[in-house]
Structures are given as structure tokens and as C-alpha cells.
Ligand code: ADP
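First, one chain by itself: the form predicted alone, in C-alpha cells.
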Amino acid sequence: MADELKENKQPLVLIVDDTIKNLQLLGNLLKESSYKISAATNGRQAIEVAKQIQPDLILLDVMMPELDGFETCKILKSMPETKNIPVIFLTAKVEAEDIINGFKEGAVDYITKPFNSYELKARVQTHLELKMSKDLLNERLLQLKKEKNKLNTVLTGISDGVIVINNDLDIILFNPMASLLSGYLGEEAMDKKYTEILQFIPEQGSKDNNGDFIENAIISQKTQDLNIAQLLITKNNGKIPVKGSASPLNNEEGNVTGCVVVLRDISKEREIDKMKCEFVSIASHQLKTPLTGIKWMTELLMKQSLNSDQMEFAKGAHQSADRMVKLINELLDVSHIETGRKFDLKKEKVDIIKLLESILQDLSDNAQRKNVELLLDKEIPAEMIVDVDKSKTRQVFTNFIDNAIKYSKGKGKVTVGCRRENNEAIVFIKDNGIGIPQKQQERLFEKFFRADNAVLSETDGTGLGLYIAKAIVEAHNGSVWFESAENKGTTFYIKLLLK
């Protein structure tokens, strides 16, 4: 993607610093990478220049007179013409509070002074490439939105399939869209039992066959929805994915006289969603290429004779690239979930006790750095064989155990165990960490959600890990739940079927 940046346009970087020597040094370094450079010596000048030239990235000094970097960034992010320009802070302030404050004001990154030229170039290039990908993604999504709006206009004009059924389960109304969906003309369907015309088969393991939801609406006197998509069998034995509902029809006395069925063809919606997810997948794969290059270069750097500061900078850049690769992989997993493909599981017989022991060994260094004790439950069995995708299951367990370590307090303890209940294995991960606030517990498995105390405790996180882990477990026909109390700890449970 670095080549694409050069081919498509010469990126423009605005450097803001009240020290002329810093402007000259930064400008000369970035010119080596063929970037166009503009400069400003104070916050107010930077705001005016940014509005006029619309740079691709802003390097913003924090410590400036009158209007400091934080306030300048806040103003830039409040203006529509500059709010989407990525800002990297240049700062000698490395306190966690200052860094958090910078990110709250809208910065995408920060570089500490004195800076390392390799780290500076790598971070600038990374964020320029991310901006290019984001702009491309927004453009494509806008195109998709326009196409979807056109499609919605057509669908609104045609309307949904509407069928009215009486208490004897006979069809008494069959609109043109219902005819189009089913292939039956109105006169063919009228006065026929609905089961002769509306034949459904489930897509995913449901027993809701032959339109049971319709009869249930009459019996229960409550609206019944097709919670999962059904395939409508057409007159010519075709199969159309539909969603819909059946609502009871009441007379003036309040008695149920039948029901109204509304069916909607979701084929086009699925096609659009697939296009969106495929684009996310393509964009994510493209992002991996420059990130791999950054990792390779930083690995080479770390093998050179660097002083301690230089080595720390190289390690930081390498770790940032690792985090980006992890985020990209999570986005790919999310796109798989949302297209209904879930995951391509390659099941095999796996001893999850050995798997847990291996993961604990892998995470032992992380635990030591956090001063957290990792323990296997004393009553854990010697062996527990399950039929699972080993790689995906490792991903699930690693996520829960790594989170337990991250959100543990100093001298914390994380206990991992497993027990058998009938024909199921239940793995648990227990910590005595910060816990989950009661009011936020129901949202824990939502995409991009992170509890307030988790964000304060560990700023690095995407909010995708638990969402993906739950989807993987459910793809194995398992389940996930937890028990938690704020400031007391959390226990996660993962239930899997035994072999």
C-alpha cells in the first residue's frame, strides 16, 4: 500500500511546532519519504492552515503557548472540514493521564520526544495508509448505500407479500407480491389451505417447518415472527429466503378470525450485506501487506546495535503492528459472522486439559509482568476429550484467560478449571480483578463494547474479542455465560459437547 500512496497522490503532512528547529528536522525527515510538507508555529495558525490545505495527517506538538496541542486538536475535531484528519501528538509528556487525554481529544497516536526517526516514519506511514483505506472504504460504502437506496425504492413500490388466512386456515387474500414470491396466481391460492401454497423449510436447524408460525399466531393470539430466515418453496420448486411475521386478525368483538401474514424476500439484502463484508475482507487483507512490512523492518531494527531508547522505540512499533494485525483478524472474523458463514470449523478430537495447560504456559510471561498468579484448579480432570476446532477453541480460551490477566489487580490470581456435567465439558476462568459493572453486564458480548472500568484499566482493546469468542462457541453448539461483581472479580464459563 506504500506504493499506492505514491502512485495515487503525494501525501501532505502538516507539522505544528513552536520551535523552528523541530519544524526543520521533522520536515527534512518526512521529505525523505516523498511527503509534501506544510508547517505552522502555533495552534491558531495550524487550525487556519488545516482548513485551507486539508492535509492527510497532522503532527501536532502538545506544549505550545496560548493554545496547546490538546485544545488545538479539540477544535480541529469539532470542525467538519478537519474532523477526519488523523492527528499524531508530539510530546515529551508520557504520563498515562496525558496520553489518555490526548486520545480523548481525538488523536490517533502519539510520539514521545526525543523521537526516533524510524519510529516516526513508520507511524506516519501507517496512519497515512489507514486514512487512505478508510477513505476508500467510505467511498465504497457510499456507493453501496446509493445502490441500497435505489433497491429500497423499488421494494417499497412493489411492497411485501401479504396473505390473509381465516380460522379454517384457508387463504382469503393473496396480493400480487405474494404471487410473485410464491409463483402461484391469486386465483390458484384463494380458498386453498395455506399449507398447500406456503411451504417453508428452515435454513438453520429449526423445526419450524411448513409455516408453523402462522398457525401459532392464531392459536396464541399473538404476533409470531420468523426469527430465523426460512426458505419459501415456490410453485416451480424454487427456494427463496424470506423473513416475515403472522399477526392475529380480530373482529369487532375482539375474537380472532384468522391472521395476516407478511413475507419479505431477503435475497437482495443478503447480496448487499455480502458485498459489504467482502469489501471489508478485501480491505483487511490489503492492510496486512504494509503491516507485515513494518513488522519485518522493526524485527531487522531490533537485531541491530541499538541503544536502549532506540530498542524501546523499535519494540513499540513492532507491538503496534502486532495489535493492528490482531484487529484486522478480528474484523475478518466479524465479517464472517455477519454474513451467516460463521466459521469454517475443522473439528478433531482434542484434549482440552492439555490445550489449557499449553495456553497457560504461553501466557505465563504476560501474567508475570502483571504480577498475576496463573493456576490450574486442583480438581481439574487428567483428560477431557471434546470434538472441536482446535485452533478456534484455543482462540476462545486464550481470549478469556488473557482478559482475566489484563483486568486483574496487582498480586491477582487467575484460576482455570474444567468439570464434566452429563455429556458436556464446562471450562471456567476465574479472576479476582476489577469485575464488570452490573448495569453494563447485559452488553458485554456486543460488538465494540467495553465496560467503563475496563477502558480505564486497559486502554488497548477493540471490544471484539468476546463477541467473536461467543460466536465461535455457539458455532460448536456450545454456550458462554459469566458471573461478576465489580471490584470482586469475574468467572466465565464455556460449555462444550464431549466427543
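What you see is a predicted model, and the numbers here were worked out from it, not measured in a lab. A residue's number is simply how far along the shown sequence it sits, counting from 1.
The form predicted in complex with the ligand is left out here; the points below concern that form.
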Can you work out whether Asp431 and the ligand are in contact in the predicted bound form, taking contact to mean some heavy atom pair no more than 4.5 Å apart? yes
Does any part of Arg450 reach within 4.5 Å of the ligand in the predicted bound form? Heavy atoms only, please. yes
Against the ligand in the predicted bound form, would Ala246 count as a contact residue? Criterion: heavy atoms within 4.5 Å. no
Does at least one non-hydrogen atom of Phe89 fall within 4.5 angstroms of the ligand in the predicted bound form? no
Option touching the ligand, based on a heavy atom within 4.5 Å in the predicted bound form, out of Tyr184, Tyr194, Tyr407, Phe115: Tyr407
Option touching the ligand, based on a heavy atom within 4.5 Å in the predicted bound form, out of Leu444, Met64, Leu26, Leu57: Leu444
The stretch from 40-48, 65-73, 436-444, 26-34 that lies within 4.5 Å of the ligand in the predicted bound form, judged by heavy atoms, is 436-444
May I ask whether Leu180, Thr234 and Pro241 each come within 4.5 Å of the ligand in the predicted bound form, counting any non-hydrogen atom? no
